[in-house]
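As a starting point, one isolated chain is supplied in structure tokens, in the form predicted alone.
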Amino acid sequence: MSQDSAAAPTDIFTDNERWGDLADWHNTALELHSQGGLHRIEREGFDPFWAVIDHAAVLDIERQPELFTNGPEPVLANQWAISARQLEIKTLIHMDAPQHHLYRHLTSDWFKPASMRRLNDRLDELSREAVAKLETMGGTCDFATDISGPYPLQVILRILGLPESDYPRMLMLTQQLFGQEDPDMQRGEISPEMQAQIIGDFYNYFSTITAERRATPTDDLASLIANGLIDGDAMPDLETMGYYVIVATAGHDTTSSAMAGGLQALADNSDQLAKLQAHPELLNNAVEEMIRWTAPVRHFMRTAQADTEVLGHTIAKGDWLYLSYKAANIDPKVFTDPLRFNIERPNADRQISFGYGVHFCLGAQLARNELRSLFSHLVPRLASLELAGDPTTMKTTFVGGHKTLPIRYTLRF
């Protein structure tokens, strides 16, 4: 099953350039589905791994966190990047039991649906501001940079209790952290030093926040993290900083990507936009379809802790498995006509963009609420919507979405 050709379909998992054309990526992944749900990947510069694209197999692996662990490497990286790493980061995605449960429990109440409802007024305020901004822009804008980028970051700043004046800094650091592979988003030449500088900048920023919240606690999430106890003891610095980083970055960049990707899907499928305008009760399902369609977290890695079997193939202890949420979301055995954006898809909520099981995304409900709020305000106002140029997407293998999304639109008044 190994493919050695430079143009092999399985390059879509290791070659960041392939993510610059999402339509081609989707078509290639669908081709791979016809060849099976598990593919052995052997690429120069990478440790060998198994790419799991079968929807049911991904769920089965996620149900067994003791057998398939996040550690030691939860994200695909080449051998050079792993060996040259200079500054560690430890977030929830790097943890396994029992540590993972203890750290997740610290903030889990903050992200429950009932707790998220207290943010609804703020979300609606931001949605109205987004539409008002569109009213002033003369019928053209870059939706990715003008609307979907700022919106979720302002939500996260509010949750953490950070000042809006820090928005530019946090946006830059988030893009640099997740966009290291993309030439347009790199701080400089890819190097261990550059990666360490980005993580170091996060640590410096949040070290100041921690000191402030420990001296004068408030009712925000930053105070909870700064003063959080694990088994009765204060969190170590590495884990404290990692908590801030995962909340500040994952809660922003992923939702922004889903918003932009969802908007492009409506622009590309005018019949779906018209249907949503005529039937606003379809919004919840439309949001699930947007999340299926975009899958901003493209993968996570798992390591087998014992000899086992996946889809009839022997998996040895120590083998690395790539869970492709993006490919699983277009598994034709689960989703009929998977490359069609369909807001009436009867099983759109079977998308697994948020993961599954004990590692299910803490911020899933918040992301859904943000998408529902923005599109509930925007969709009824759109008299017309089309692309005003070629969109660009991040050439990144882990987390990504749109870099630019030029649109032309008219609004109803």
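Not measured: the values here are computed from a predicted model. Numbering starts at 1 and follows the sequence shown.
We do not show the form predicted together with protoporphyrin IX containing FE (HEM), though everything after this point is about it.
For the options Met235, Ile198, Ala250, Leu273, the one in contact with protoporphyrin IX containing FE (HEM) in the model of the complex, meaning a heavy atom within 4.5 Å, is Ala250. Note on the partner interface in the model of the complex: the residue among Tyr205, Phe111, Phe335, Tyr151 having a heavy atom within 4.5 angstroms of protoporphyrin IX containing FE (HEM) is Phe111.
Heavy atoms of Ile41 never reach within 4.5 Å of protoporphyrin IX containing FE (HEM) in the model of the complex, leaving it off the interface. At the 4.5 Å threshold, heavy atoms of Asn369 stay clear of protoporphyrin IX containing FE (HEM) in the model of the complex, well away from it. Taking the partner from the other structure, protoporphyrin IX containing FE (HEM) in the model of the complex has no heavy atom within 4.5 Å of any heavy atom of Gly37. Using a 4.5 angstroms limit between non-hydrogen atoms, Phe354 touches protoporphyrin IX containing FE (HEM) in the model of the complex. The stretch that touches protoporphyrin IX containing FE (HEM) in the model of the complex, counting heavy atoms within 4.5 Å, is 355 to 363, out of 376 to 384, 28 to 36, 355 to 363, 48 to 56. The putative spot formed by Ile93, Pro296 and Arg302 is fully lined by protoporphyrin IX containing FE (HEM) in the model of the complex; each residue has a non-hydrogen atom within 4.5 angstroms of it. Residues from 251 to 283 that approach protoporphyrin IX containing FE (HEM) in the model of the complex with a non-hydrogen atom closer than or equal to 4.5 Å are Gly251, Thr254, Thr255, Ala258, in the order they occur in the chain.
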